[in-house]
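Shown next as structure tokens: one chain only, the form predicted on its own.
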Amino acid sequence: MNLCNPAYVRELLQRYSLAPQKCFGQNFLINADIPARIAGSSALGADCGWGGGEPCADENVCALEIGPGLGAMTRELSELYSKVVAVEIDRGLIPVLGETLADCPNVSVVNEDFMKLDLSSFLKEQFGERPVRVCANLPYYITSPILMAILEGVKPSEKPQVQSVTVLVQSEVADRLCAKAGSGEYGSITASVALCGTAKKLFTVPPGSFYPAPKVNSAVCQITLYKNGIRDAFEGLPEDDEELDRFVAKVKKMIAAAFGMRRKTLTNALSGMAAKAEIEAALERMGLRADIRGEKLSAADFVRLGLEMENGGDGNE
């Protein structure tokens, strides 16, 4: 059974009277090296290179796959993790997965729409308190909502159960996730992801690796979440958990406002949240121009700006 052989994939789909569904963004991998490298990179926590990887060093860690498709990457994950749960929205693929994963006793397939899950409750239900690494070949049309659902599935004050997210996405999306502040690719999702963890582009995947072939290049990106939450990455945050959750929500709102009105200066973009004089004074204490635009600020800058606006510079040298 070669789930990456184009002829076998077509035969398997025909046998179940199925075809790739555009509504679900289905592009099945037909290059066996790709799912092996993605799964191996997930288990290693870095790019494992060609040839696959070794089992996850921590046997307690589990894998969550979003959109297993025909099960090519699911099978790779089953060899590297003690437990794998795959969430598939397409009910037509459930009997197919029953066949292709029949010899993988450590894999469970759940027929659900991932975006409708209460992720925190789902993780506890499926994995208990065990840490989880997410792996996925994501549909292009819903990449950002899925990523943010994962990253924001836990309160900032809590230790995340998800350790990392290793995903195959459109190449330009990977560039945005990993962009530097001020670059052309930098955007709201870049800063929002950086509040939760660090993103790194691992490798690119050409269109010919898929059936059907997309019209654009793809890339694998790995987001490593901060081990104990946002306090691992930024200084000066509120010590009280409720205050921290409130503050981070405010910073996210600032980021959304800044990038929602990119042509405006940051002072004008945030004018609905605070007086312009207050914003300008905070920027001045940070050594930034009053007419700076939001795209020039990193996630750390947005956090610092939020603290300056709340504390008036007290204790933030």
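Quick note: we count residues from 1 along the sequence shown, nothing fancier. Given the structure is predicted, the values throughout are model-derived calculations rather than measurements.
Not on display, but discussed next: the form predicted in complex with S-adenosylmethionine.
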query: One stretch from 219 to 227, 99 to 107, 153 to 161, 138 to 146 that, in the predicted bound form, holds residues within 4.5 Å of S-adenosylmethionine by heavy atom; finding: 138 to 146
query: Contact label in the predicted bound form: residue 112 to S-adenosylmethionine, heavy atom within 4.5 Å; finding: yes
query: Interface membership of residue 28, S-adenosylmethionine in the predicted bound form, 4.5 Å heavy atom rule; finding: yes
query: Exercise: residue 69 in contact with S-adenosylmethionine in the predicted bound form, heavy atom 4.5 Å; finding: yes
query: Interface membership of residue 167, S-adenosylmethionine in the predicted bound form, 4.5 Å heavy atom rule; finding: no
query: Residue among 244, 119, 233, 87 with a heavy atom within 4.5 Å of S-adenosylmethionine in the predicted bound form; finding: 87
query: Among the candidates 123, 177, 93, 80, the residue which, in the predicted bound form, approaches S-adenosylmethionine to within 4.5 Å (heavy atoms); finding: 93
